[in-house]
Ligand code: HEC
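Coming up is one lone chain in structure tokens, specifically the form predicted on its own.
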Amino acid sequence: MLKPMWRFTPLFLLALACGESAEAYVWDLPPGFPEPRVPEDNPMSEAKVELGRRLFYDTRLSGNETQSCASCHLQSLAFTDGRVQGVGSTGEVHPRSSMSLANVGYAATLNWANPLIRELEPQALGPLFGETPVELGMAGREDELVARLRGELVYQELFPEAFPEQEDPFTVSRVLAALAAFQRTLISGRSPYDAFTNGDSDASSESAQRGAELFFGEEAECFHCHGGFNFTASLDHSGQVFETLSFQNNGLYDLDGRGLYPTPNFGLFEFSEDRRDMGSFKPPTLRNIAVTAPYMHDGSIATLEEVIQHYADGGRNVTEGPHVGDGRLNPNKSIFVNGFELTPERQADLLAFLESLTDEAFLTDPRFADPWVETDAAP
């Protein structure tokens, strides 16, 4: 049985502070967007969000103080890192690529293939303290982490402001609560596509409009896994009664003719041990997809043009190297990855549509930027 990359105990949830009376957070939502779901034991506040932003960019959160959360999640790249696979603070290369944090507060699940992590608070335990793989490398050093933060003058002000009813606000659980609060504010929904759908007829080119018709049509069938306001089938928000979990096999590999994927990226199978789940991963949001290359869970497709070709082919036939096999014939492949006719014009149209999902304001919004740089630059 494969061991999951990180498991958490429900006892963690009992440790979160609740009932803080700091100034409530005011959402700045794009038109048509619902509020993200917020746990009752971690209410939003302006002070907590600002604390979370500081922590997100703070290298004190890594064992050797060389990396922060932002090291693998750059704002200019929609909070991805541009790498084929992530690299941790100790130099360990991860088996998967860093996922975008754009609209992460709307995600029903938070990892490529883990169906158990459904809230941002416990998710942060993995990067901080996980050992398979090592990311920030703080396993067994919880007291050291708290001591580092307690010694920073900025935090001596921000932690009490974020958790005003706590006699001692410096705890690991409150670090996780603040990080989660900041990440819930990373909302992207003001792209040219959004402007066009909200009435600005000049915001989208004719090519992008043709691409949207193909994307949302039954021939290409893209929308089945990448639909809704967040362009993903994995969705949750405050007004939703049932979480929508989704893990799909898109025909990247078939090493043995029975659906085998390369070790250690077995997808949902790692948790279910059901062979039918081999190679099933969460469909990520397509918002800002033009700036988040390379693509797929393992970064194995370099460009959007190649991604479009992959789906037009109905999967990938690997003819050389260690992963030889015809993913188009994978028995676990999604019923929506059937292939479609792709002409040069259609490829250009789909590309124009996907590029129209880029939210430039989100990529440059100072509310999400590194506050330590602002402090260092101040006179």
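Please read these numbers as outputs of a predicted model, since none were measured by experiment. Numbering starts at 1 and follows the sequence shown.
We do not show the form predicted in complex with the named molecule, though everything after this point is about it.
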Which among 60 to 68, 37 to 45, 24 to 32, 322 to 330 is in contact with the named molecule in the model of the complex, heavy atoms within 4.5 angstroms?
-> 60 to 68
Indicate whether R184 is a 4.5 Å heavy atom neighbour of the named molecule in the model of the complex.
-> no
Using heavy atoms and a 4.5 Å limit, would one call Q347 a contact residue for the named molecule in the model of the complex?
-> no
Could you tell me if L77 has a non-hydrogen atom within 4.5 Å of the named molecule in the model of the complex?
-> no
Decide whether N111 counts as a contact residue for the named molecule in the model of the complex under a heavy atom distance cut-off of 4.5 Å.
-> yes
Is the named molecule close enough to R96, H226 and L304 in the model of the complex that each of the three has a heavy atom within 4.5 Å of it?
-> yes
Residue (of V87, L260, V146, V291) lying close to the named molecule in the model of the complex, criterion heavy atoms within 4.5 Å = V87
Contact residue in the model of the complex, chosen from L158, A212, C222, M138 - any heavy atom within 4.5 Å of the named molecule | C222
Quick one: name the residues from 140 to 162 with any non-hydrogen atom within 4.5 angstroms of the named molecule in the model of the complex.
-> none
